[in-house]
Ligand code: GAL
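This document starts with one chain, in the form predicted alone, laid out as structure tokens.
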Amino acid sequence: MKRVLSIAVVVLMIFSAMNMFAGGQKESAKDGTIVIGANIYSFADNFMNGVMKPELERYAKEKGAKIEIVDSEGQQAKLNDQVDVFITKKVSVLAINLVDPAAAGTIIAKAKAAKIPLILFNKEATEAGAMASYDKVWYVGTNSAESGIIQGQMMVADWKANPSWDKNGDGTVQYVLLKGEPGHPDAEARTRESVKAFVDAGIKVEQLALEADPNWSTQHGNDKMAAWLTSGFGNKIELVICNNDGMAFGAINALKAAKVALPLYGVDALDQALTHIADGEMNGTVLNDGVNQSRATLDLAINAAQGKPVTEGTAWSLTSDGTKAVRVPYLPVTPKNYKEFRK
């Protein structure tokens, strides 16, 4: 009889342990709430911290999910550790803004090993085959080239409409360009496509200076523009191209301090950019729709956590090119239509 009781006790203990383990598989299983482990590559980024982070937090609350967003401070190694912590916490799903797009494989491998769905957002993997290595990873972002194409088209149209911008009358656009983060798909595509628009239109271009900045920062934009204005080619600059609004704000500050007015364009359509357009200090920007990128990221994350098709019941569609991506379109913002983008 004692042996039977002993066996019964052991069986009960095994079942209890199994139930405890099953209950701890995902943090969401405790009360049914989906828990999202997320990061921003750097809180110093005007767009990521000022637009996407607050919308991720607001929309997660609206959808009844719990989200924890950490700052990776521009360090891929720090992000790797943060993902390890999220996995240890047994989050339901990961929403990751890569620091280094070339390091996507490391993050994807971690998620795959932990059997946790993964949504990459805003920075797209550049490693060949990385996205195909795991069936539960998707990307939310944009078509990187599109913003440069739109910005370039605006600049070409304005250049043609304003002959006085060609200060030396040589028929060539002498420009400076604030690039942003080297190797970032958006920075590279915008740099290429914005200038290509002039070439495609049969307009000659001359690059006077190009400067990269891993933080896309306003301070960097200010410092470089101030240095360019006092350089040997300072009086030759006819156009300022900025790959984001944050750097454009710094360039505007430097131009105002030097009492110089030059055509200037950015990307992101931040509220401050709309004010600069209204004040005639900025000629155009391109809406980088961070609000809808945030919403798409969470819609996919929540569906993935629930084991549903990621776009089920949403306004989003995956591209047909096999990249497992939702791409939110860019829109041109000009002195004629900027009021439409006011919040």
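A residue's number is simply how far along the shown sequence it sits, counting from 1. Because the structure is predicted, anything quoted here is derived from the model rather than measured.
The protein also exists as the form predicted together with ligand GAL; that form is not presented, and the subsequent description refers to it.
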Heavy atom of Phe86 within 4.5 Å of ligand GAL in the predicted bound form: no
Does ligand GAL come within 4.5 Å of any heavy atom of Asn288 in the predicted bound form? yes
Answer with yes or no whether Met48 is in contact with ligand GAL in the predicted bound form, where contact means some heavy atom within 4.5 Å. yes
Although the partner isn't part of this model, could you tell me whether Asn244 comes within 4.5 Å of ligand GAL in the predicted bound form, counting any heavy atom of the residue? yes
Of the candidate stretches 184 to 192, 155 to 163, 168 to 176, 72 to 80, the one with residues having heavy atoms within 4.5 Å of ligand GAL in the predicted bound form is 184 to 192
Considering only 122 to 158, what residues come within 4.5 Å of ligand GAL in the predicted bound form, judged by heavy atoms? Asn122, Lys123
